[in-house]
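Quick heads-up: it's one chain on its own, the form predicted alone, in structure tokens.
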Amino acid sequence: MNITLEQAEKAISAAKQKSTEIDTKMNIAVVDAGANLVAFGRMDGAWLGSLDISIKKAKTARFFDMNTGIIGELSQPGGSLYNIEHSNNGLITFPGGIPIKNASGDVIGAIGVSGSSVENDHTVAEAGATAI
């Protein structure tokens, strides 16, 4: 199963709303189950450098079906996934990427958010991921 464009746009809308609530400007990417970009939104004034990061966070979350922050914990020196960020043409291993699941619990895509602190990125991504 794949996320639909309508669902992806709903996730972006919810993420934008949360971003506005916490006074941040974000880049928000949603990928489908194959890690292909379905929808993207760059809020006015969001950092240009975070555009690519948001897409890579979404892809990373989908490639491994876990939050990117968890991958970050596992990829520290001595960790079981040390240096994994160098695979797959570059992964992002800090918070802001979250798998998106349907009502049955199947992963149908992922959202990636970048443009503020990693804590804010995660909060905004969570709002988008749970809006489906």
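Throughout, we count residues from 1 along the sequence that is shown. Treat the numbers as computed from the prediction; the structure is a model and nothing was measured.
Omitted from view is the form predicted together with another copy of the chain, to which the following refers.
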> Is another copy of the chain in the predicted complex near all of 99, 102 and 127, within 4.5 Å of a heavy atom of each?
Replying inline: no
>> Please determine whether residue 9 contacts another copy of the chain in the predicted complex, using a 4.5 Å cut-off between heavy atoms.
In response: yes
> Is residue 16 close enough to another copy of the chain in the predicted complex to count, meaning some heavy atom within 4.5 Å?
Replying inline: yes
>> Please tell me whether any heavy atom belonging to residue 75 falls inside 4.5 Å of a heavy atom of another copy of the chain, as the geometry stands in the predicted complex.
In response: yes
>> Under a 4.5 Å heavy atom criterion, is residue 67 part of the interface with another copy of the chain in the predicted complex?
In response: no
> Are there residues in 27 to 52 with a heavy atom within 4.5 Å of another copy of the chain in the predicted complex, and which are they, in order?
Replying inline: 32, 36, 37, 38, 39, 40, 41, 42, 43, 44, 47, 48, 49, 50, 51, 52
